[in-house]
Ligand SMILES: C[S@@+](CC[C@H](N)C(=O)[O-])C[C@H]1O[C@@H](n2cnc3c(N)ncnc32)[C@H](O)[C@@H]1O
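Quick heads-up: it's one chain on its own, the form predicted alone, in structure tokens.
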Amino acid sequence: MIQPLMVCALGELAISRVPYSAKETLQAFDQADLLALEYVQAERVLNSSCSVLVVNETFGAITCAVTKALAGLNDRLPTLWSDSHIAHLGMQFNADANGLPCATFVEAQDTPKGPFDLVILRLPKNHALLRDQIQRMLPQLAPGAVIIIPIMVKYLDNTVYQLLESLLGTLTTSLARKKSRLIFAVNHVTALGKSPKAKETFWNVPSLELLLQHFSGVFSHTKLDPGAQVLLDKFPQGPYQRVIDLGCGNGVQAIAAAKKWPQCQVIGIDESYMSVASATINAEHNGVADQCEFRVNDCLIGIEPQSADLILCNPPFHQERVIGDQVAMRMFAQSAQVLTKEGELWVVGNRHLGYHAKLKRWFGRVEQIGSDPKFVVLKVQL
């Protein structure tokens, strides 16, 4: 296996996206990552007593580079704090590929315990998650801790900068290079404190008589996702015995299935730790916890073949800031293996994504069940 090589100021590392594919054309790191590592090396930020927190990076490039650098200075491993199971897998895969120990991983709904002297923070798209993370992170920083925020210039606008200023105080920036820039902040709190709990919001879905809880990283955390609403409006009639909600988010479709078919067992799967935590809470709040199991997972990896007679799927069309259908295609391919012979896959997606044609790669029957101006609902069988 030949992995792409990341040449950075802290050394050379084989860094890949996961799941690994020799045909992958996208890099697992960007120029902002390289600029941050160059600054860490040039300014000799790492030392024998340094404790490092990396936040929100996607495949472990920064974490692995810092792990390698710290190995020659102290016995401390960095901590990666993320809402992404794929990020966790990426860190593990790339650490193993480079013969490095695996850094500590903390799920996003939990708070890493400091004190940390250096934070390298990749900004999530979700501003609610960013606010929540910074408010919980600051009490865990040592006095004078340096916060480095690597960002591609195209993602840095006034709204983001003002939000960061409101949370971190005075900011400074590096010169832009290769369309990337670093933002800097310094922690001025003089003593460690107790972090607040992860931010939660609650709201009702009157049409389904549901109360839903959301952690800050859960998609569409103040109202029902429009795609989910279209699928719920055209929900399968059933009955079904074994249901999978693939990309379950807050668990609303899994809960709707459990309520509609009291005899069925439902597995909800998502790669977001906050989504799975919220879905688990929501199943309990809405009286179907005994029918529902929620798992953090990479799509349907490890699910028994021919074990589901219904899969509900509202697939993502981006991975953080990278737009594409790679995740959806993996979901479809794996669904074809997990469905029973007469099983059904129900997919909701934006019209422009062309899932009608793409699904025929794995399925013999693709039928449009419903639509609105933006979304279509497809019923798919082998």
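None of these values were measured; they are calculated from a predicted model. Numbers for residues come from their place in the sequence shown, where the first is 1.
This protein has a second form, the form predicted together with this ligand, left out of what is shown; the following refers to that one.
Taking a 4.5 Å heavy atom cutoff to this ligand in the predicted bound form, the contact residue among T104, N98, S195, N297 is N297.
In terms of contact with this ligand in the predicted bound form, the residue from I255, M91, I120, C248 that brings a heavy atom within 4.5 Å is C248. Of the candidate stretches 262-270, 165-173, 186-194, 131-139, only 262-270 has residues with heavy atoms within 4.5 Å of this ligand in the predicted bound form. In the predicted bound form, this ligand lies within 4.5 Å of some heavy atom of D225. Residue contact with this ligand in the predicted bound form: N56 places no heavy atom within 4.5 Å of it. Although the partner is absent here, T67 sits far enough away that none of its heavy atoms falls within 4.5 Å of this ligand in the predicted bound form. This ligand in the predicted bound form is not approached by S335, whose heavy atoms all lie more than 4.5 angstroms from it.
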